[in-house]
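What follows is a single chain, given as structure tokens, in the form predicted on its own.
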């Protein structure tokens, strides 16, 4: 049962990159259930259409755009169309992300660049294109980060670098846009069950058990728990919060540097 008031975001417009699956979709669905008009962005048109139709079947207000956040013109056009249809944007989420397990010694330059482009460049493109379309004052921009930004994790150098960049970019926007009444924040989820990240990083039962054991709470998180933090950050209860990162990780970030056990010969802690 939600602890948030029904209709909390009625009349609000929320734009989500990476919104067609995983954590982005989970947050978007919750915002729609609380009355927001949600706009989902993803590269795959078929997945985008299915995600939007899933929300529409629930009687929620949703639309979508198939575009690549790495292409500034494409994301700019999606944002302009959203503004034309719904007016100023209240919430913008940068949730598009890339990931795959690989040690640096076996990672291609293109592989590293792809993750940096999706995460860092994609976040910049989204916020830069959204800037003139935001509700001022009152808009909130939320980036989805990860514990990778705060601790080194073997086989995840690309993600560690990218998420650190996302967080510093988001903090810089807090400085630059705060005077106009625009707040920014990051959410850094830990291992969240049912996500593509967990399917890739914990493909075996042994790896899943290791993930759970790495948390002081002894379990993975849920997408609803991440969405709860997003709802709080976009609510009036967080009106004096900006430029910070909230970890929704069950305490996994307390463990310090870790070596990821993927069940494929990687060293264990």
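Positions refer to the first chain, counted from 1. For clarity, every value in this text was computed on a predicted model and none was experimentally measured.
Keep in mind that the form predicted in complex with a small molecule is not shown, yet the notes after this line are about it.
Interface residue among 165, 190, 138, 101, judged by heavy atoms within 4.5 Å of the small molecule in the predicted bound form: 101. Scanning 133, 121, 114, 174 against the small molecule in the predicted bound form with a 4.5 Å heavy atom cut-off leaves one residue, 114.
Among heavy atoms of residue 209, none comes within 4.5 Å of the small molecule in the predicted bound form. Within 4.5 Å of any heavy atom of the small molecule in the predicted bound form lies no heavy atom of residue 61.
The small molecule is not drawn, but in the predicted bound form it has no heavy atom within 4.5 Å of residue 85. At a distance threshold of 4.5 angstroms between non-hydrogen atoms, residue 196 is in contact with the small molecule in the predicted bound form. Partner contacts here mean any heavy atom within 4.5 Å of the small molecule in the predicted bound form, and among 182-190, 106-114, 125-133, 76-84 they occur only in 106-114.
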